[in-house]
Ligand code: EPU
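Next up is one chain by itself, shown in structure tokens, the form predicted on its own.
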Amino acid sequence: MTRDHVDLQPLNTLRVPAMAEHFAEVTVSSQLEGLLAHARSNRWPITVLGEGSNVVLGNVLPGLVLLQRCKGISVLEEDDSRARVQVAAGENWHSFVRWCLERGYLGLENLALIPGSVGAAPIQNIGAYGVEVGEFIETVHCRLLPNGEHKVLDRGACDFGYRDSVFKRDLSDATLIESVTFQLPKAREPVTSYPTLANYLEAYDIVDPDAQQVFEAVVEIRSNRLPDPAELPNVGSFFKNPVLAEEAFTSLAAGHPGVPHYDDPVGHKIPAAWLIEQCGFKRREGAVRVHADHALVIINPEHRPAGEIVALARDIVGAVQARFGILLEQEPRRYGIFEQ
């Protein structure tokens, strides 16, 4: 059953005013067949929402908005070395990470406290502190929106990259993810090389951390550095950290000695927050603004419309490109019709 003209402001973490032309909440997969058929018969475009933590919504979302709320975690197979776990897309990501740790399933501890649902994780190939989720994904079970067909993609077919996947390219906005199957080790050397995490562990004299200690460190770091969307509306990191090839990085460093960077398999990763801060955006006031403690986060404390957020993002991109010759790429996806 669908509802008309539904307020989406409580369903996006930027808290922008937005309205769904038609809306349905999906709590069991069996509902999908009828809903997708209904949308096709009416020629409605379909937008899928999870927890609304990585989206910028326009004033109106035409067609049908499907809120993915399916729950459930199943251990498919387990032995002394690993576990295969299938997780419904509507499960909360951080809760799932904690669930894994409680059972000795390792690898996801660096991804603690990332907002959003399990279904959103493969789309963005979420990553933090030296780990990306794509490493642990075995398959993604999804439904093709144009025809309702079931599709199972293995890790290779997902074509994961830095904050990227096939779901943001060839299958962009063409699928509804129903569940994700993870393969998780029971023994694994913790990943602690990322500078922010390494510095934290060193400051607390944690020399040989286990997964639980890494989890706790990541939770504290993120809690201290990033505003809670429930208290201060935001979508976390608004831009990807650009990765420069050797020649481009050498040119940048010549003009800007001391530019921070991290080695990446395909080049040098430059903190987008540093680029934005150098352009003075942390000092700017406004109803929609860059967070004073983290320039990568755009905040919307007065619940202003998305057009104002888009305008600020455009200003940031233009300023960084003019000063550094680097084109920033926005992380959250945009949906709907935008008006100033």
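If you're wondering where the values come from, they're calculated on a predicted model, not measured in any experiment. All residue numbers refer to positions in the sequence shown, first residue = 1.
Beyond what is shown, the protein has a form predicted together with this ligand; the following relates to that form.
Asks: Among 122 to 130, 77 to 85, 205 to 213, 184 to 192, which stretch sits within 4.5 Å of this ligand in the predicted bound form, heavy atoms only?
Replies: Residues of 122 to 130 come within 4.5 Å of the partner.
Asks: In the predicted bound form, does each of R225, P260 and L296 have a heavy atom within 4.5 Å of this ligand?
Replies: Each of the three qualifies.
Asks: Indicate whether L312 is a 4.5 Å heavy atom neighbour of this ligand in the predicted bound form.
Replies: Contact check for L312: no, nothing within 4.5 Å of this ligand in the predicted bound form.
Asks: Is it the case that A273, even though its partner is missing from this view, gets within 4.5 Å of this ligand in the predicted bound form, heavy atoms only?
Replies: Because a heavy atom of A273 falls inside 4.5 Å of this ligand in the predicted bound form, the answer is yes.
Asks: Taking heavy atoms and a 4.5 Å cut-off, does G236 contact this ligand in the predicted bound form?
Replies: Residue-level check for G236: yes, a contact with this ligand.
Asks: At the 4.5 Å heavy atom threshold, is Y162 in contact with this ligand in the predicted bound form?
Replies: Contact with this ligand, yes.
Asks: Tell me, which of K240, R155, H256, H94 has a heavy atom within 4.5 angstroms of this ligand in the predicted bound form?
Replies: Partner contact (heavy atom, 4.5 Å) among the options: K240.
Asks: With the partner left out here, which residues of 274 to 289 have a non-hydrogen atom within 4.5 Å of this ligand in the predicted bound form?
Replies: Read in sequence order, the residues that approach this ligand (within 4.5 Å, in the predicted bound form) are W274, E277, K282.
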